[in-house]
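Given as structure tokens, the chain that follows is alone and in the form predicted on its own.
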């Protein structure tokens, strides 16, 4: 049971405090039914018993999955985000542990651990990302699956001497507007996602969130370190083939079914 977060930002909530959580469930975008439903369909199909979501957030995926009768647990660092899960249909059935997905443990063994919407990139070191794979493997029963959905870095759009790629320019009504752009360091594989929001009254907000990108091949090596092996890799929740033009991948690794 998660207690309600305070109305003010809590430093322990990291990059997702109350001020971010309050608007995280805005309609459209990643919350749109046409985005959520295909993901939940795949996860329900893969689940063969209890499942665990790393970085469960506000329950965007976990709550509708639980509403279908799947037993869902979650790990979430931000109390402000987790406090919103129970109010959603199915959310009151989601058991949430507050903690860091690189180290936090949940009782039981799971048929599926999953991590969606680029969240593995919020772990900004290679060692930390390896720890995510190891922690996932530690929660899985024999033959269990670990699924990651994450975007592919847009480095093909970087001409020589440029480190920034815009991904959204949205002028709104009454002078409102939003601009989003990623800034890459191709040496360290670190990048920042930058968000500029301007209101009609001339006030604005600038937020920067740090990430680390990793190519699918690097994640396969992380999986091997954790004792996992690749089972499926798709370009999206529609299970289409990954190609050079794909903008993200959904990859699934499995534990040895005999151990």
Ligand SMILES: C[S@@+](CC[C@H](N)C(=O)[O-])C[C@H]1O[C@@H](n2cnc3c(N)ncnc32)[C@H](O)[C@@H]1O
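Positions refer to the first chain, counted from 1. Note that the structure is predicted; figures quoted are calculated from it, not measured.
A second form of this protein, the form predicted together with the named molecule, is not displayed here; the remarks below concern that form.
K.L.:
Kindly confirm or deny that 110, 131 and 147 each have some heavy atom within 4.5 angstroms of the named molecule in the model of the complex.
P.N.:
No, the whole trio is out of contact, none within 4.5 Å by any heavy atom.
K.L.:
Tell me the stretch among 47-55, 186-194, 199-207, 214-222 that has any heavy atom within 4.5 angstroms of the named molecule in the model of the complex.
P.N.:
Answer to the contact question: 47-55.
K.L.:
State the residue from 151, 177, 89, 99 whose non-hydrogen atoms include one within 4.5 Å of the named molecule in the model of the complex.
P.N.:
Of 151, 177, 89, 99, the residue with a heavy atom within 4.5 Å of the named molecule in the model of the complex is 99.
K.L.:
State the residue from 93, 77, 140, 83 whose non-hydrogen atoms include one within 4.5 Å of the named molecule in the model of the complex.
P.N.:
It is 77.
K.L.:
Examine residue 136 and determine whether its closest non-hydrogen atom to the named molecule in the model of the complex is within 4.5 angstroms.
P.N.:
Heavy-atom contact with the named molecule at 4.5 Å: absent for residue 136.
K.L.:
Is it the case that residue 43, even though its partner is missing from this view, gets within 4.5 Å of the named molecule in the model of the complex, heavy atoms only?
P.N.:
No, residue 43 is distant from the partner.
K.L.:
Is residue 61 near the named molecule? Define near as a heavy atom within 4.5 Å, in the model of the complex.
P.N.:
Residue-level check for residue 61: yes, a contact with the named molecule.
K.L.:
Considering non-hydrogen atoms and a 4.5 Å limit, does the named molecule approach residue 73 in the model of the complex?
P.N.:
Although the named molecule is absent here, residue 73 would stay clear of it in the model of the complex, with no heavy atoms inside 4.5 Å.
K.L.:
Scan 169-192 and note down the residues that get a heavy atom within 4.5 Å of the named molecule in the model of the complex; none is a fine answer too.
P.N.:
Sequence-ordered list is empty.
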